[in-house]
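Single chain ahead, by itself, as C-alpha cells, in the form predicted on its own.
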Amino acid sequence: MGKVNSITSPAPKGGVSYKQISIEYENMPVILKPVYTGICGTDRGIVNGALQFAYCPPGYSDLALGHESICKVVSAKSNEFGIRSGDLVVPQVRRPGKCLNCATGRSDNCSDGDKHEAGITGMHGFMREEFGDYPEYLLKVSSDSIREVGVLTEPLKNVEKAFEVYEVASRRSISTDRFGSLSEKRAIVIGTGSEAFLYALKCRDYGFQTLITNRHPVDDLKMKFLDAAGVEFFDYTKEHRDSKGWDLVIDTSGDPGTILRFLRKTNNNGNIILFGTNGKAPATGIDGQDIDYIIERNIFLIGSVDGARVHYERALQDLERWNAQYGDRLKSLITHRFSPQDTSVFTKKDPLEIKSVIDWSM
C-alpha cells in the first residue's frame, strides 16, 4: 500500500481533512499527478454531510475527494490510447457498471445504478498528490494552452451532454426562427455559478439571445465576462425580461420556485433543462393550471446529469476554441486558487467565486 497525501471526507458523515491514506496504485498502468482539481457544490455537499448518496470505497473509512481535474502523466506502461509520460490528461469521473448503457460507453445513462463516481460514490477521487488509473478513462489534452482552464472539462461535459439531449428534444417541432437560425430565439440560464457561465457560452454558440439571471447582483468581474460573451444579466427579483417568453430555460439552481417562475413564461414548444440539484430547497406548489400550461404548449422537460467520453472530447474542443476566442476572459472563470492543505475552501465560499481550484504545485 502506498501512502499519499489526500483531501478526504468520511462520507457520508461530512467533514474534511488533508492527510495520508493508504491506497494501492503503484501497479496501475498509468500514474498521474494532479495539476489542478476543481471544487464544486458536490464536494462541498459531501463535506457538509448533505449528500447521503456519497460513500467510501469498500474497506475505507475515508473517501478521497475530487472529480474535476487536469493531471500530468508521470508514467505509462504502454502508449495505449496515445497516453504517454508528460501528457496532460483529464480523467473521467463515472466508471461503468454492468447495464447495457454502461457496456456501450454510456455510463452517464446507467440504468441500474451499478456504477461508481470518483470522489463521490465508492471510488477514490483525484484530490491526491499521486494516483493510478487506466488509459481508457483518460482524455488527452492536445494543447498546453488550456492547462489553466482544462479543469473546466468535467463541468463542461455536463453541458455538452445536456445540449445533446436538447438537440434530440427540439427535433419534435420546427425550433428555428424565420431565418432558419436561433438568432430570434431566447435562452435564459438561472444561476451565476461556473456551470451557469458554461451553459451561457454554449447558448451563445448555438446563436440564442442569451440572458443569465439570479436573485442578487453580480460583481464587475462576472459582468465583464458576460459582456465579452454577449450575455445579458438581470436580477429577477427587481427586473422582468420575460415579456417575449423563453424558448430555452436552463436551471442550475435546483430551486423549485424559481424554476416554476420561468416555466410559466416558456413559449410554445419550449425546452427546459433541469441540471441544478438542491435537496434542501423549500417545496413549491404546482397546480392544475401549470400542468395544463406544460401540456397545451408542448413544453419538454429535460433532466440531465453527467456525460460520456464523447462529451469530454467535445468539452476539450470547446475549451480550446473558447480559449482562442475569449483568452483571458475564459481564464477569469478560475477566480481562486488554494493549496491542498487549505481545506477551509470546502466549508466557506467567497461571494466573488466563480470557480475555485486546488493548485497542487502550491
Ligand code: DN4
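The shown structure was predicted, so the numbers you read here are calculated from the model rather than taken from an experiment. We number the residues from 1 along the sequence you see.
In what follows, reference is made to the form predicted together with the named molecule, a form of this protein that is not presented.
Distance criterion of 4.5 Å from any heavy atom to the named molecule in the model of the complex singles out 215 from the list 84, 95, 215, 241. Taken together, the three residues 40, 158 and 304 all come within 4.5 Å of the named molecule in the model of the complex, as judged by their closest heavy atom. Screening 288 to 296, 164 to 172, 133 to 141, 250 to 258 for residues having heavy atoms within 4.5 Å of the named molecule in the model of the complex returns a single hit, 250 to 258.
The named molecule in the model of the complex comes within 4.5 Å of a heavy atom belonging to residue 194. In the model of the complex, the named molecule sits within 4.5 Å of a heavy atom belonging to residue 190. With a 4.5 Å cutoff on heavy atoms, residue 236 counts as touching the named molecule in the model of the complex. The named molecule in the model of the complex comes within 4.5 Å of no heavy atom belonging to residue 208. Residues are counted as partner-facing when one of their heavy atoms sits within 4.5 Å of the named molecule in the model of the complex; in 259 to 280 these are 275, 276, 277, in sequence order.
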